[in-house]
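Single chain ahead, by itself, as structure tokens, in the form predicted alone.
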């Protein structure tokens, strides 16, 4: 299994190298190679996660190693889908290194044995986890688009950095694409929170228990809700939306990592990290 995991990491690492070369060289051959290698890595990763799911008889997110791997898989899958839909090829220079970073972290983190729990076999939990991870992956892509927007905006205003000016899409395309990512992520995040509340009712007998993970999940939801509200009501576009997309994803990362490492809650009872 360690060999299979290493091969998947290698696929993503080669894809990252390909996308970075494409960023500098702007040769379509490098993009096609990077995309193909990432697709191969994603398919291998899908098989790896599927094998773990059936062999463990539960969704593999019970320790930090598994969770990082599942997050990387969701990032890769969402990017590949969104790239196919929006044709934003340059986003791969952000997505592939992000996926690779999560996979390398997962590779370096020791696999901690976890006592199987019937709670992880709940269909509500499986639906909740999958939807939440896909939502966070969409919001990660929105963050990447926001970063590209700020870089391109600076290049246009300064008129001194021709490197990014020639390589990045128009500000309008980046803004519209980022907005689509946020709408998708926010919708899925809402559904994920609802399924989480239903699961909490089934497990703990109440929808809400002031758990730190619950609190920060709602805070993250409110950040994106405020962004969408201001965009529709106050006409927030461009720079403000890009900055808020980045801030929102920072909140996502804190909910994902910070709560587990720095705070305590119900989720700690079922995971070893």
Partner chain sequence: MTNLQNGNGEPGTPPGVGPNMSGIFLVGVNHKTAPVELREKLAFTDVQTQTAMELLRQSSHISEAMIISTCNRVEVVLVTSDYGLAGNTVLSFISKTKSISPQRLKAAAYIYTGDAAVGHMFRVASSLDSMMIGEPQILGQIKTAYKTAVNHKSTGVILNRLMHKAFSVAKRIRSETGIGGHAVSISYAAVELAKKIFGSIDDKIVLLVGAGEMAELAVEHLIVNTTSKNFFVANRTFSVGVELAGRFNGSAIRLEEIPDKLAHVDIIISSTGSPDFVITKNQVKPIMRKRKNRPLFFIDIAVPRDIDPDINRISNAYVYDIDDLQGVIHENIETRNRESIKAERIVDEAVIKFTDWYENLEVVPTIIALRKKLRVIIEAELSKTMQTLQPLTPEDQHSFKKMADAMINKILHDPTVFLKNPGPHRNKSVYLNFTRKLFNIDE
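Positions refer to the first chain, counted from 1. Every value quoted in this text rests on a predicted model; they were computed, and no experiment measured them.
The discussion below concerns the form predicted together with its partner chain, not included here.
**Student:** Would residue 184 show up as a contact with its partner chain in the model of the complex if we use heavy atoms at 4.5 Å?
**Tutor:** Taking the distances in the model of the complex, the answer for residue 184 is no, it never comes within 4.5 Å of its partner chain.
**Student:** For residue 170, is any heavy atom within 4.5 Å of its partner chain in the model of the complex, or not?
**Tutor:** Residue-level check for residue 170: yes, a contact with its partner chain.
**Student:** Wondering, does residue 152 line up within 4.5 Å of its partner chain in the model of the complex on heavy atoms?
**Tutor:** Contact check for residue 152: yes, within 4.5 Å of its partner chain in the model of the complex.
**Student:** I'd like to know if residue 157 sits close to its partner chain in the model of the complex, meaning any non-hydrogen atom pair within 4.5 angstroms.
**Tutor:** Although its partner chain is absent here, residue 157 would touch it in the model of the complex, with heavy atoms inside 4.5 Å.
**Student:** Looking at 80, 101, 165, 109, which is the one with a non-hydrogen atom within 4.5 Å of its partner chain in the model of the complex?
**Tutor:** Selected option: 165.
**Student:** Among 219, 29, 232, 226, which has at least one heavy atom within 4.5 Å of its partner chain in the model of the complex?
**Tutor:** Spelling it out, the residue with a heavy atom inside the cut-off is 232.
**Student:** Out of 42-50, 55-63, 29-37, 234-242, where are the residues with a heavy atom within 4.5 Å of its partner chain in the model of the complex?
**Tutor:** Of the stretches listed, the one contacting the partner is 234-242.
**Student:** For the stretch 33-60, I need every residue with any heavy atom inside 4.5 Å of its partner chain in the model of the complex, listed N to C.
**Tutor:** The stretch 33-60, when checked against its partner chain in the model of the complex, contributes no residue at the 4.5 Å heavy-atom cut-off.
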